[in-house]
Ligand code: NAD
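The chain below stands alone and is given in structure tokens; this is the form predicted alone.
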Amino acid sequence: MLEQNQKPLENPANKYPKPPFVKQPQEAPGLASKMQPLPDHGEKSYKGTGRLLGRKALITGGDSGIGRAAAIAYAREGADVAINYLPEEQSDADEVIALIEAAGRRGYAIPGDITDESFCKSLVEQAAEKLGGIDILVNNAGRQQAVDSILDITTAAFDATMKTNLYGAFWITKAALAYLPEGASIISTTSVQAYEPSENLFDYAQTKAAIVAFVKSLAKQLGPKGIRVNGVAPGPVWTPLQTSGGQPQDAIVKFGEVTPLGRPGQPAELASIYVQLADNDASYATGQIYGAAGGSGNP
């Protein structure tokens, strides 16, 4: 018999949709609202308990995918949240802001391209002004385009991946340090690709490996200042990043089936990790990479 408010146990392999999925090409950066099935970002499932009451979070790539799940969870845990995204993703961002406000918190949408250094500085300044400070920074925005051969990766495409995934996080973090107080938390999204790179994600995998070093090195710099730095390494997660060029469409059909759970993860399944790493209760966790890959991956 279940006790009052007790959640029933669930078989994780059967909790969410499994492949085969339909082919569903989108132009990058893609919208969650056009995916079949729709991803679960915790819109209906995430219940907060006040773990981040009064906190102030800036999340890049907060319109969809893992960033959206973190934004919803943070708001329901009591934080005010500013999200960054590309202008083409405005419709997804509007949904996120509505969810943040429905949780009784302040939500701010700041569109713009983080491959531009001046915008990165402006983004941090705008977020700090709107939120009244920043004490959680989530570097989550990413670019992933599958290309079979290095010979087919143009310099412009390589540069775009590096600037989105690495330079943007560098510029934003550097600007944010003027605002982050003791006790603040920086969380960066890396990937199982940092440890087990796919042959068709040559440039993306390099950036994700670099983010692991980014986390571990910065944690050593900022530990004496009382700021924690950690990373999250997802496996295959059902987000627009995958359907808008991150995977070939033939791979979308069977996406996630190679994991021991036999399915892709849903963004909602990673939300609690981002909450834990932001929470003061995780005060001894810094320089760590938390994995969530359905049984795959190394961290």
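Just so it is clear, the model here is predicted, and its values are computed rather than measured. A residue's number is simply how far along the shown sequence it sits, counting from 1.
Although it is not shown, the form predicted in complex with ligand NAD is what the next lines describe.
Want to guess which of 189-197, 216-224, 147-155, 101-109 is within 4.5 Å of ligand NAD in the model of the complex, heavy atoms only? Correct option: 189-197.
Considering 261, 252, 273, 241, which brings a non-hydrogen atom within 4.5 Å of ligand NAD in the model of the complex? Selected option: 241.
Even though ligand NAD is not shown here, does residue 237 get within 4.5 Å of it in the model of the complex, heavy atoms only? The answer is yes: residue 237 has a heavy atom within 4.5 Å of ligand NAD.
Residue 29 within 4.5 Å of ligand NAD in the model of the complex, heavy atoms: Judged by the heavy-atom cut-off of 4.5 Å, residue 29 is in contact with ligand NAD in the model of the complex.
Does ligand NAD get within 4.5 angstroms of any non-hydrogen atom of residue 114 in the model of the complex? Yes, residue 114 lies within 4.5 Å of ligand NAD in the model of the complex.
Quick one: is residue 65 in contact with ligand NAD in the model of the complex, heavy atoms, 4.5 Å cut-off? Yes.
With the partner absent here, would 85, 141 and 208 each sit within 4.5 Å of ligand NAD in the model of the complex, counting heavy atoms only? Verified in the model of the complex; spot residues all in contact, yes.
Contacts with ligand NAD in the model of the complex - residues in 154-176 whose heavy atoms fall within 4.5 Å: The one in contact is 164.
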